[in-house]
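The chain below stands alone and is given in structure tokens; this is the form predicted on its own.
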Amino acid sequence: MARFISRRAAGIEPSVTLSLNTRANTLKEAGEDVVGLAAGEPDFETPDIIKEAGIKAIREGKTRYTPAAGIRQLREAVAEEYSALLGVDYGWKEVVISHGAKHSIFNSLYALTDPGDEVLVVTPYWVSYPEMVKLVGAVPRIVETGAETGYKMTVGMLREEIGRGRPKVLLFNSPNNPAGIVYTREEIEAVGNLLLEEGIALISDEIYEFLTFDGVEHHSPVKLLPALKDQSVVITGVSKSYAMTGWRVGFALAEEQLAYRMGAYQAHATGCPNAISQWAALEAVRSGAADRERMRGEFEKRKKMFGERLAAIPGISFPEPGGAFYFLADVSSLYPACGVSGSAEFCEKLLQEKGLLVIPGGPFGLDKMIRFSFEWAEEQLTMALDRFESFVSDYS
């Protein structure tokens, strides 16, 4: 059967984050002593008021197909909420509900690009970005960043990339997965003004918008530059901020004609999102702010504890995360002593010798780094740090 596989399918690799999380769970079920900091999902239960809304939907028989772009009640609630948050008016027809933020990004790429169009993807990037770009037939052009710019793309770097070709779209993510970096108001305004000047579309992945720490603020490009609305898709959802990863509900906010095309594509590709999950998400948008803030506060405590211990380990450096729930640490100074040539081998050695599972940075575009998730309870984070410190000590 292999000879029938398309070239497009043959060029796509599985998501490393999902694959490694599955591996961690399999090892634990087999009785192995493994601490996993792989998955990017809160360890909290979905808040009760949201769960009850899902149960109520089942009891009321709201279990049939919905409109492809989502129930009107949720689209209206999202439009109202984000019009207020962003200071830009969105109507309900400018909202598309999808099967998670990942699905919303894919729909955006499909609706915005033709085969061969270039999409700018900035390191460190979420592992699925380049693969999704390739899946729609477009071409990912990677914008390399490093410690000298705080792992951020500067407006000068963007201008240089535009000068090298004609990108159709910039795929932008702040707060960032995997590094937790948050772009400042000034940085976003500079990038946004250049996009306006050059007529380049923007997909702004803001799924971690409510998860910022230590007084750091998230700034949506559309809020800072309302003129960007007509060439932007704002991506968000309920997975991270409301502990609803498995409910699979994401939102895309876009100009009405673009939103219509995204909904039309979704109607043929997947159909409507889960009906029950949509009613639960409606409750999250309407009434979930207090629970959202409670969980954010707990993440902030965990981030402080984890960061203090990680910073004290010799030979390890990282950009300070202002949001999301990750540390992206440069461990490349340990590679020679460990006898490894990259992050995948490093993580494999760490798992074999200490039973600690973390994510290699290679799939994020930075092979000298590894990603820790700090969304776990303090006991598990402490165990993970103990094992990592022991590993580093063995090779220092």
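Keep in mind that what you see is a predicted model, and the values were worked out from it rather than measured. Throughout, we count residues from 1 along the sequence that is shown.
Keep in mind the form predicted in complex with a small molecule is missing from the figure; the text below concerns it.
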Partner contact check in the predicted bound form: of 283-291, 216-224, 94-102, 108-116, the stretch with a heavy atom within 4.5 Å of the small molecule is 94-102
One residue of Lys168, Arg302, Arg248, Lys152 in contact with the small molecule, assessed in the predicted bound form (non-hydrogen atom, 4.5 angstroms): Arg248
Contacting member of Tyr242, Tyr90, Tyr208, Trp279, with respect to the small molecule in the predicted bound form [4.5 Å, heavy atom]: Tyr208
Every residue of Phe306, Phe388 and Phe391 near the small molecule in the predicted bound form, heavy atom within 4.5 Å: no
Check Tyr129 for me: does it contact the small molecule in the predicted bound form (non-hydrogen atoms, 4.5 angstroms)? yes
Mark Asn173 yes when one of its heavy atoms lies within 4.5 Å of a heavy atom of the small molecule in the predicted bound form, and no otherwise. yes
Whether Gln266 contacts the small molecule in the predicted bound form should be assessed with a 4.5 Å heavy atom distance threshold; does it? no
Going by a heavy atom distance of 4.5 Å, is Tyr326 a contact of the small molecule in the predicted bound form? yes
